[in-house]
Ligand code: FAD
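So this first bit is one chain, no partners, the form predicted on its own, shown in structure tokens.
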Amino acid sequence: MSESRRHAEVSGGGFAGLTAATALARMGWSVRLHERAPEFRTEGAGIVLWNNSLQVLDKIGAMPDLMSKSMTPPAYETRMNNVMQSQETLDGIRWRTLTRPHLYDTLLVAAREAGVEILVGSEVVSATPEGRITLADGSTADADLIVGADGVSSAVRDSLGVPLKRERSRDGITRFLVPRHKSELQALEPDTNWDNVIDFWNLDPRVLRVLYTPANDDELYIALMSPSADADGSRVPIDLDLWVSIFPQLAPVLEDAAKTPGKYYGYQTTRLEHWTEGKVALIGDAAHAMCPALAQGAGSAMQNAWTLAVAATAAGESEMADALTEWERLERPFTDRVQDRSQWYADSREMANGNQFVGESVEAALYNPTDPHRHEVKA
């Protein structure tokens, strides 16, 4: 290894951490990534990725693997009491649906191929603005850049004392991966295209929602939303009779969900006073956890991971702190607006009316963080 190579320490082996580590390694850095779990576990249900994250995956060489078990549905439907409110084909918007385990495996392969040193069972408990991390075993390491991508309860962030505020919403979701059961669904509702993403809403007599998202030919991601105050709607294992009584056309997949372990997550938004401190930068849920309304939590994390790597690589040896501050100034407004819009959708339940993929709501979906001219003011 060349002595002149700059070194980064990354805390957190999720989507944000793996993307940042891979991008930095491909830009010539030596990178060590710490994951506190004793082994990598490809947990989770499904996910939707838009142009902002797909552009990043292009750049880190991960798209061929990602494409192998993902899909672009023909349309995004919104229904109220099973009556169509809108069917949006999302023309001109690049997007893919897939399972979270597939995305995780894809990023893990990309990180290893890029030469990232990956340590499991390695927990970063603190960081300093000067560029030193301390691990749970008491050992320390110095770096030219520290990336805190260690989630909503970030130890890196909290060790720096970065002020934050959290906003909680009245609703939450439980996520499941289940078999597609496409032929059974088709038999129940022959006129439906079961390859579409379908957002099933019910607001009366009680608020319940099922987001139906095909992830590939075999797997289906469903997210069941209910108010946190609804004990039966938020129960896990799910109350099968309740959900089938509201969404009878989904009975085959709900029956599988009822047999699948899950956890109810309340919506929340985390906002920090600042994302950077000296040589430390925070990304992902450590910096900007958000409601899932725009499906941009992972996308924004990967977007910011890439732009951080570019900004840090361009910085001179003594310019890192200033470069990170400038990176936040340029990139944070996009994430702030996504957080605001996602929070508004969660609070208002306005997505139930359909036709949401317009205007401000698709700004992030269309954003290309790899375009070097993206911040130029157009005449």
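Counting begins at 1, following the sequence as shown. Note that the coordinates shown come from a computational prediction; the quantities given were computed from them, not determined experimentally.
If you look for the form predicted together with the named molecule, you will not find it shown, but the lines that follow are about it.
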| query | finding |
| --- | --- |
| Contact flag, Ala149 vs the named molecule in the predicted complex, heavy atom cut 4.5 Å | yes |
| Exercise: Arg41 in contact with the named molecule in the predicted complex, heavy atom 4.5 Å | yes |
| Gln303: touches the named molecule in the predicted complex, heavy atom cutoff 4.5 angstroms | no |
| Contact test in the predicted complex: Tyr104 vs the named molecule, heavy atoms, 4.5 Å | yes |
| Among the candidates Ala155, Leu208, Leu185, Ala143, the residue which, in the predicted complex, approaches the named molecule to within 4.5 Å (heavy atoms) | Ala155 |
| Answer option from Val338, Leu57, Leu49, Ala312, heavy atom within 4.5 Å of the named molecule in the predicted complex | Leu49 |
| Answer range among 176-184, 123-131, 84-92, 242-250 for contact with the named molecule, defined in the predicted complex as heavy atoms within 4.5 Å | 123-131 |
| Contacts with the named molecule in the predicted complex - residues in 9-25 whose heavy atoms fall within 4.5 Å | Ser11, Gly12, Gly13, Gly14, Phe15, Ala16, Gly17 |
